[in-house]
Structure formats: C-alpha cells, structure tokens
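Only one chain is given next, in structure tokens, and it is the form predicted alone.
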Amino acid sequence: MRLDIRYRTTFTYENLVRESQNELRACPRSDENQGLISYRLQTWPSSKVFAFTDYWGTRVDAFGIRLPHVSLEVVAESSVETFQRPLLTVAPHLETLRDPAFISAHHEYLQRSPHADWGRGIEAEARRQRELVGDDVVSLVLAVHRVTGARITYARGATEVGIEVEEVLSQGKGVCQDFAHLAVALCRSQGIPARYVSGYLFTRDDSVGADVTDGDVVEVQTHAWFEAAIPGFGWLALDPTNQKEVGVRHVKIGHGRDYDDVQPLRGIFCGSSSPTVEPRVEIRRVRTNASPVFDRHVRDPQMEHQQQQ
C-alpha cells in the first residue's frame, strides 16, 4: 500500500522565545516490511537540519532556532510503500527463550525501563496467561496481546506520559502508548523480549483501527504498538489497542525500550513562556498509478553536507 504522510506540529508561545533546540523522529524507516520513497522536512522559522541515525536505528532530525520567535512550525512529509508481512510458521517452546545466544541478542529488550517497569500485578497477570496457554512462545505473546485489549479501555486524556504501567493496569484506561507499554511489560516479565514501536496507522479511529471506506484521507495522531521476539522467526508485531495484527496500514517510524526512545518531538527553549502545542498528522492513501502528493526529492542534510565538503 502506498501512503503519503504529512506530520505537522505547531508551537505557539505566550512570550518571545530567544532560542530552541529540537529533535524530531517522524521519518518512516525502510525495512523488510516497508520502503521509504521520499522524505522532506521544513521548519518555520527556517533552520539548518542535521540528520543522524540513533542507537535504536531511528532517523533523528536535529535543528535549532537561534533567532527570537513566538511560534515554531515543523512539517515532515513522507511517502512510503508498505508490504504484506510473512506468515508466522514457527511454534517454539518457552525453553528456547533461555538460549544464551538469544538472550544476548535481545538483552536490552528484556530489561525493565521507565515506562515498562512491572510489579506484582503485571507479573501475576502474565503468569496467569502462561498457565492458560501452556509451553508455547507464540501462544503466550498472543495471549498478552488479547489480555491487554481486554484489561484496558481506550480513553483519551485518562493518562499522561510518565504514568506507571502498573497504574495503567489497575485503572483500566489509557491510549495507544499505554496499551503498548503494558504489553511490553507483560512479555518481559516472562522472559520474552519486547519493544515499543512508534508510527502511524491509516484509520479514522485508533481505538478500533478499522480500514477507511469513505475516502482516502484521514487525520490522526501518531500511533504505538509492540513487537515481541520469537525464536526462529524474528519480531512479531501486534497492535493491542485495536486487537489487530500490524499490517499494510501501519507505518513504522522506529522502536525502542519504551516511549522515551522514540518520542516524536522533544526539545528545550530559552524563555519564560508556556507553549500551546497543536500536533496533526494527515495520511493519504495513494491509488495505483496515481501521481505522488508530495515531492519525491529526499532531503538528507547529512548527504548535502558531505557533497558540500
């Protein structure tokens, strides 16, 4: 599926801001499940952008505004082609999770992290699911996926970034980030490597994830899901918020231990002001043989800098 994406965030400050420094993670990655066709970033006021790949493999666009300003607008436009994912054809036993080579390769995704630090409640729920499904890794991951959706109700504004995942489980409300963090914590508590994924979903409603039948353009927010490492297969991607497998309508930006590793936009500014933030994502499905909505030119500041040298 071909999708054109326009990510836009506007900051409006109450008072004059003297300087701001920012990092953006909004560019879709290229891997075996999707291919990046084009990417372009613009800021107002204009800035020089330095792009690099972080430790987790995500592209980061770093830019600073050094002139006084009362607003900042960031627009990232991308085009991406998504592909059908391979069928899961393995059924490893839980004992395969204890293989030293497997543990070493996935060490960082087995550890506790700030947004996926489980306690007694999560560990008890994970053990309960393990007892129900028996000695099968895939069955346990699917059980985690199902119980996450069953234990949490989608509710905007019910939580904030930084809430402990045990509290998410106890109150039973949250948004896609909370669903993903809970699933990650449940998996890790049973020795299954799991990672948090940030991206986009082509749908009109994150809570159900239904396909769009009334047009080809939607307005959404960034989305989140999780991936679990399956011995002998690789990473199995599941979307617990809407109880679906990750498919061609999902576009991955990046992954990490939790939200902090792939936060879409973070920064600091110099000034005494509280900004009003207006994020917006528009996704357009491009039919076969249609002309691209955005320019295919890929603006890569690293390459431009090398060419200048």
Partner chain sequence: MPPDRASATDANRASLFADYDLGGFFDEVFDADNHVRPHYAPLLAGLDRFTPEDLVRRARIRDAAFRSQGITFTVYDEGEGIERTFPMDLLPRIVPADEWQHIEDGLVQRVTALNSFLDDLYVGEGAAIHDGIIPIWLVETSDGFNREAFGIPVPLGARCLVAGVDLVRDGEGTYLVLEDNLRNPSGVSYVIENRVAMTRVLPTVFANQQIRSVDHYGRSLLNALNRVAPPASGDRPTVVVLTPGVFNSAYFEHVFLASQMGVELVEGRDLVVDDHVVSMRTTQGLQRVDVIYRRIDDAFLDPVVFRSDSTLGVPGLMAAARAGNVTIANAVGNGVADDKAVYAYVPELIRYYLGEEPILPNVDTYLLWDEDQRSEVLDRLDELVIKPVAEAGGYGIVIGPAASDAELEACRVNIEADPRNYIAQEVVSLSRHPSLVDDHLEGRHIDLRPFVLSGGDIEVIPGGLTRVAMQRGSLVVSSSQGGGSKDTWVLAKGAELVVDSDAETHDGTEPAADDVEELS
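Positions refer to the first chain, counted from 1. If you're wondering where the values come from, they're calculated on a predicted model, not measured in any experiment.
There is another form of the same protein, the form predicted in complex with its partner chain; it is not shown, and what comes next is about it.
Enquirer: Among 116-124, 129-137, 144-152, 99-107, which stretch has residues whose heavy atoms lie within 4.5 Å of its partner chain in the model of the complex?
Expert: Looking at the other structure, the answer is 99-107.
Enquirer: For the three residues Val49, Arg257 and Gly267, verify that every one has a non-hydrogen atom within 4.5 Å of its partner chain in the model of the complex; reply yes or no.
Expert: Verified in the model of the complex; spot residues all in contact, yes.
Enquirer: Is Ile37 near its partner chain? Define near as a heavy atom within 4.5 Å, in the model of the complex.
Expert: No, Ile37 sits far enough from its partner chain in the model of the complex that none of its heavy atoms falls within 4.5 Å.
Enquirer: So in the model of the complex, does any heavy atom of Ala62 sit within 4.5 Å of its partner chain?
Expert: Within the cut-off, so yes.
Enquirer: With heavy atoms only and a cut-off of 4.5 Å, decide whether Glu14 touches its partner chain in the model of the complex.
Expert: Heavy-atom contact with its partner chain at 4.5 Å: absent for Glu14.
Enquirer: Sequence order please: the residues of 1-33 with a heavy atom within 4.5 Å of its partner chain in the model of the complex.
Expert: Residues within 4.5 Å: Glu19, Gln21, Asn22, Glu23.
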